[in-house]
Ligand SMILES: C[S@@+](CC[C@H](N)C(=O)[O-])C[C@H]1O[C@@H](n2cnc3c(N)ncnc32)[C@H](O)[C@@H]1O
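Here's a solo chain for you in structure tokens, the form predicted alone.
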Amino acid sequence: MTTGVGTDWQSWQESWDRQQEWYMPDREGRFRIMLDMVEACVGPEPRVLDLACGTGSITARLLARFPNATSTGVDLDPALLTIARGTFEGDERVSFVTADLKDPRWTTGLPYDSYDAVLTATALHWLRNEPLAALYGQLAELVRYGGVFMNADHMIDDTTPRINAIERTRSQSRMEQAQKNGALDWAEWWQLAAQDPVLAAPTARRFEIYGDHADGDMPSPAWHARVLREKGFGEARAVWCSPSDTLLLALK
């Protein structure tokens, strides 16, 4: 994919981060714990699969902390991959693969047969339970023995409906105040991307692929842990949580 000469990719990265933080103000804390656990489990020079990588948010933080790490970013979104490829162009530690995670053959395009860590954030909640469980089975085959999979995402515990309602109200109030202070939401960010001369075409393709897709089933952390164990991981449990999000770690 050709990237635009002179495009300020870092500004697009920062804009994406601010938009994501509108929804998740503790996003950076989530990433910090994720990388803490990577180092504790597989060391400071990991081979990482950045799953549903988007603009490469995990890869950027991974390489800032672990300069000898390598990362393979996988995504289907042509606009976000344009930003990712532009950001990391010329960095031999990083490669990107365009793939649909619902395609059972998506792993055939990867440059490696196994990874020390597979990391993903705020992405897999788009999937329904059945394709997500199938994906977890594929990841169990990709992660080496002793390696880890970590998923930081919205995981809803339906056994606590009153707590869930309180959190939705609290979150909505905070987001409304942030928007009054100039924060962009998801739709507004994509409107800006569609107006950019470099991102306009891949953004149009992105909406052809996804449309206005809705959230998946967003099962509980207990569901994720159980299915990951059933699919081949030895242990799985939450290692961090906020009122709305969970970082779940599975050890091979």
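Residue numbers here begin at 1 and follow the sequence given. As the structure is a computational prediction, the values presented were derived from the model and not from experiment.
There is also a form predicted together with this ligand; it is not shown, and the following applies to it.
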(request) Can you check 160 to 168, 121 to 129, 141 to 149, 85 to 93 and let me know which stretch has heavy atoms within 4.5 Å of this ligand in the predicted complex? (result) 121 to 129
(message) With a cut-off of 4.5 Å between heavy atoms, is residue 54 one of the residues that contacts this ligand in the predicted complex?
(response) yes
(request) Consider residue 102 of the chain shown here, and say whether it contacts this ligand in the predicted complex, taking contact as heavy atoms within 4.5 Å. (result) yes
(request) Verify the contact flag for residue 20: yes if a non-hydrogen atom of it lies within 4.5 Å of a non-hydrogen atom of this ligand in the predicted complex, no if not. (result) yes
(request) Answer for residue 155 alone: is it within 4.5 Å of this ligand in the predicted complex, judged on heavy atom distances? (result) no
(request) Work out which of 66, 223, 189, 31 lies within 4.5 Å of this ligand in the predicted complex, going by heavy atoms. (result) 31
(message) Between 240, 16, 233, 9, only one gets a heavy atom within 4.5 angstroms of this ligand in the predicted complex; which residue is that?
(response) 16
(request) Check each residue of 154 to 175 against this ligand in the predicted complex and list those with a heavy atom within 4.5 Å, in sequence order. (result) none
